[in-house]
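Take a look at this single chain, the form predicted alone, given in structure tokens.
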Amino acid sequence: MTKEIYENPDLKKERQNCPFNKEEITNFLDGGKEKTTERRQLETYILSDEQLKDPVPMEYLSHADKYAEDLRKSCLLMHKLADSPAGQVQTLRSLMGAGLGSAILKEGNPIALHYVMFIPALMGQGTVEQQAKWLEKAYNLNIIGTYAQTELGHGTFLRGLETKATYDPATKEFILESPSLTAYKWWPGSLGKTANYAVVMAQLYTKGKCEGIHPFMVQLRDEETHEPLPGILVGEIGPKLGMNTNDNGYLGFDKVRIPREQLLMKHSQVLENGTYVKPTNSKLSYATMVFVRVVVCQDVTLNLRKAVTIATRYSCVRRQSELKPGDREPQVMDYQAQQHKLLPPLAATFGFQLAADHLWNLYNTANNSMEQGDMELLPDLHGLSCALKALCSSEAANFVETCRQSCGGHGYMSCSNFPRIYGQVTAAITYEGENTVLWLQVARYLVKTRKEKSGGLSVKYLIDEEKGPRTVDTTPEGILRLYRRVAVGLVDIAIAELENNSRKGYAPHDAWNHAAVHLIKAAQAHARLFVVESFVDSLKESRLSSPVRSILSQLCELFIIYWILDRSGDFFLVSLLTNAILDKGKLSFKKREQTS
């Protein structure tokens, strides 16, 4: 006999009063009805396994015991891959991301980097022969790998990395060394205790010349004893704000020798005599980082969806104070101030996901083209991945905190899941490219495009400006034009600031530094334009019922107006936005809050 599940009466009433087909929106988010069925089958398959449940809540375990418990569950999950109803690839993606995997591995995944970066690096940077040597072992977990790039002294600035790999033609070996404390690798996941191999990014020296950063396949620990090999200095970096079982570690090299063949040579080579063969394109090695940034966009959006769901359900069941003296205490959701907190992040979950889906499709198209030697899409992909990663992570972190605050003291409890969600989302602001640095990389692409009148599809608006009247049209299409004008205007302001600094006699790097605030604002406007365009275009292209299209269109309009109100200074600065039009937007925003 099935045990009846309790449902709060207020929550049940809200669900019964829903004016649209909830299943249709679920299918829309999952990518189709079949995808929803597949996801639910996979969730049942994983979540029903008693061995994957915590015998003791993770909050009550020591740091070491948390790692041991999540490592135990990680191994069990890998054993379940073969029989998964969703297939191995989709199951791996679900288990390594912020969705199903985080329901089991609450504090992190000790082997995530093996799948998320180590294997993609081997596939993207290794030759066919190198892949034949290592990939099967990696897939079968005969070896566990990580990706070691960030150092104690350098992160996003890759040219500043200090780890050296010097080629010795006499022995046909590379000598790896960490010349200083700041040269130690710092932060790679799976490195502290778990991995026995790593793809290590190091400065390649041959024939007395530095050829820049290159990837090397390096064994760190004995495959049998798991003890560090001679010259390898490795360990864990200790507790963090969140994700404490990701096993982040440090790594140093004391003149460690590896065979020449362990330089991953898909794009560049060092011949036996030490001759360096350049890659056909210096940007080819960016592929792994771009892939991870695309995944970050998807994962922070998933985490934001969790936060919004928790806060919305809480707001439906929590009753507080009096709206009308003498009446029953109303649901917190009945307060407009609460709606104002929760509806923008709710709308953002759709906008960010649709933009991330767009970026994922672009990544797959560009990756296929790069495999054929066509690099045309790479600059646009790099610019968009930087922009969307920075925007989604920073906005999601702010929205998650807003959702937490909307739950009062209950949001501060560990059992609310907000501390864990916030720890995961806020980390994304820093890893895989610190956001401020990424904004400036995006700005460089925008300035170059604007000056040279040449660039990819995402920056076409900087090349072919829209003609016609400059008046503000408050239809969705009109508001999109307004977003484009603001994006163009802020790029032009940044360029004017650069030129002004140059006239003052600043060197180019100083002129850039003094214009950084303007450049970042331009990059952020570009990212917001991409999100709102993706939101509007996706709704146009999707086959939806009238009720679902209506509610999603309301959320889309609410979100677009929310950003105008939030960034009204930018819109006043470079467009014909007036107080009267802004007031009209406020009324529309308030109306959407009341009807969404």
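Start at 1 with the first residue shown and count on from there. No experiment lies behind these values; they were computed from the predicted model shown.
Heads up, the form predicted in complex with another copy of the chain isn't pictured, but that's what we're talking about next.
Considering another copy of the chain in the predicted bound form, which of E329, D492, E211, D168 comes within 4.5 Å of it through any heavy atom? Answer to the contact question: E329.
Could you tell me which one of K460, R257, K137, H340 places a heavy atom within 4.5 Å of another copy of the chain in the predicted bound form? Checked against the cut-off, the match is H340.
Taking another copy of the chain in the predicted bound form, would T206, F530 and D537 all count as contacting it (heavy atom within 4.5 Å)? Looking in the predicted bound form, the three residues T206, F530 and D537 all stay beyond 4.5 Å of another copy of the chain (heavy atoms).
Please determine whether Y276 contacts another copy of the chain in the predicted bound form, using a 4.5 Å cut-off between heavy atoms. Taking the distances in the predicted bound form, the answer for Y276 is no, it never comes within 4.5 Å of another copy of the chain.
Going by a heavy atom distance of 4.5 Å, is E322 a contact of another copy of the chain in the predicted bound form? It does: once another copy of the chain is placed as it appears in the predicted bound form, E322 has a heavy atom within 4.5 Å of it.
Q405 versus another copy of the chain, in the predicted bound form: is there a non-hydrogen atom within 4.5 Å? Q405 belongs to the contact set for another copy of the chain.
In the predicted bound form, does L61 come within 4.5 Å of another copy of the chain, counting heavy atoms only? Within the cut-off, so yes.
Within 4.5 Å, heavy atoms only, one stretch in 416-424, 380-388, 82-90, 482-490 touches another copy of the chain in the predicted bound form. Which? That would be stretch 416-424.
Sequence order please: the residues of 141-163 with a heavy atom within 4.5 Å of another copy of the chain in the predicted bound form. Sequence-ordered list: L152, G153, H154, G155, T156, F157, R159.
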